[in-house]
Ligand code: AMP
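In the form predicted alone, a lone chain appears below as structure tokens.
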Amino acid sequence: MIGLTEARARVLADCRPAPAAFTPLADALGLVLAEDVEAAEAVPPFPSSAMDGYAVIAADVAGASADRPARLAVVGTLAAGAAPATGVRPGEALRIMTGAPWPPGADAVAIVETTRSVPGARGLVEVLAPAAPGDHIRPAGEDLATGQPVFAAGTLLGPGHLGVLASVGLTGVRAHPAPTVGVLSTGDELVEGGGGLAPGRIRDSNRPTLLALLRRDGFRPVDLGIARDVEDDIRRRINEGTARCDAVLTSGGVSMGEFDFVKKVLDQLGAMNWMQVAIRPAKPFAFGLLAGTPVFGLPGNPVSSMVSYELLARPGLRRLAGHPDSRLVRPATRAVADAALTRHGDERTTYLRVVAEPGPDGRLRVRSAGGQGSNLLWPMALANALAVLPPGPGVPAGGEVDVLLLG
């Protein structure tokens, strides 16, 4: 057996980011930025009002109060999107809306809540509270100055990033495309859909699970179907996948059994690295390049398939997507075990399926999600974390444990 770190290193050595391409902002959500971005213009591009109210000269309202209001002549109204038609002189006020460009002469906003109209006197307003110079004025470049660094290469683009990029006038960016990943299940025992099951048949859960994991993680999944335990069928589907996808995931047929035909076909197609990884579950794992396309051979047990994806395939796919090394692997978080977490007495690191929730003291606490067999998918679905138990006695109740938060 080899350690997880070595197995992962073998994967990452052959997974390289896809070349960057210009991508419209509308299509860039979830992609990784391939170059640094600077602001080509200031945001906001001009000083503006932060509140509805009146643009005034602060000295005119310095002593204003409800008992002794400052009375000013209203010289117009300025809405957002309009250019100032007039300035403000001593004794005057300009009705102004949030976001409107700042008029010359004024130096403060008297917010609308501190003003009142003058009964019987149109064109006048009373200000009931003082305003200091600069009150409620947004300066040009308050968010971003021209030439300021905005986002660095390697940034994972979320909704807020796209809004910022649009605000500096960009219609698209150079980003690494999300890899297209084919998913193939194998086995004569597998069926899909409803209806009755013939003796010895089971429904395929690995393919729907892996396709969903790929969608969750921002990749583009391609369903390659179920291959029967026939070498020609397996070969045809794998060749189809490597021809149209940036990577391929197979599940099943990578162990040492007599009917593990995936292993035989992959060896015929290219140089595969067959590994027994010192982890539980998900010990058998295969990886290699077929015609330059990374192929991940995941074990067939449902939980093993998911854990193998999380620990080995996902980091490789994230590298294909352009993520920096610091984001390839889920970080470990320290948690407290509500009850004892036990493990087998072997030399493999065990990844227990657990539920992680904040405790009353604010610390993260974990408990088992249920049965830990590699064939038990329901507890894996209930889990939101994997507790990492290295070789040893396990973790007693109240003990600390590293967890990998999923999702």
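The first residue of the shown sequence is 1; numbering continues from there. Just so it is clear, the model here is predicted, and its values are computed rather than measured.
One more form of this protein exists, namely the form predicted together with adenosine monophosphate (AMP); it is left out here, but the text below deals with it.
Checked against adenosine monophosphate (AMP) in the predicted complex, the residues 244, 203, 236, 216 give one hit for a heavy atom within 4.5 Å, which is 203. Contact with adenosine monophosphate (AMP) in the predicted complex, defined as a heavy atom within 4.5 Å, holds for exactly one of 179, 182, 302, 316, namely 302. For adenosine monophosphate (AMP) in the predicted complex, the listed stretch (316 to 324, 185 to 193, 83 to 91, 289 to 297) containing residues with heavy atoms inside 4.5 Å is 185 to 193. When contacts are judged by a 4.5 Å heavy atom cut-off, residue 281 does not count as touching adenosine monophosphate (AMP) in the predicted complex. In the predicted complex, adenosine monophosphate (AMP) lies within 4.5 Å of some heavy atom of residue 251. In the predicted complex, adenosine monophosphate (AMP) sits beyond 4.5 Å of every heavy atom of residue 240.
The shortest heavy atom separation between residue 260 and adenosine monophosphate (AMP) in the predicted complex is within 4.5 Å.
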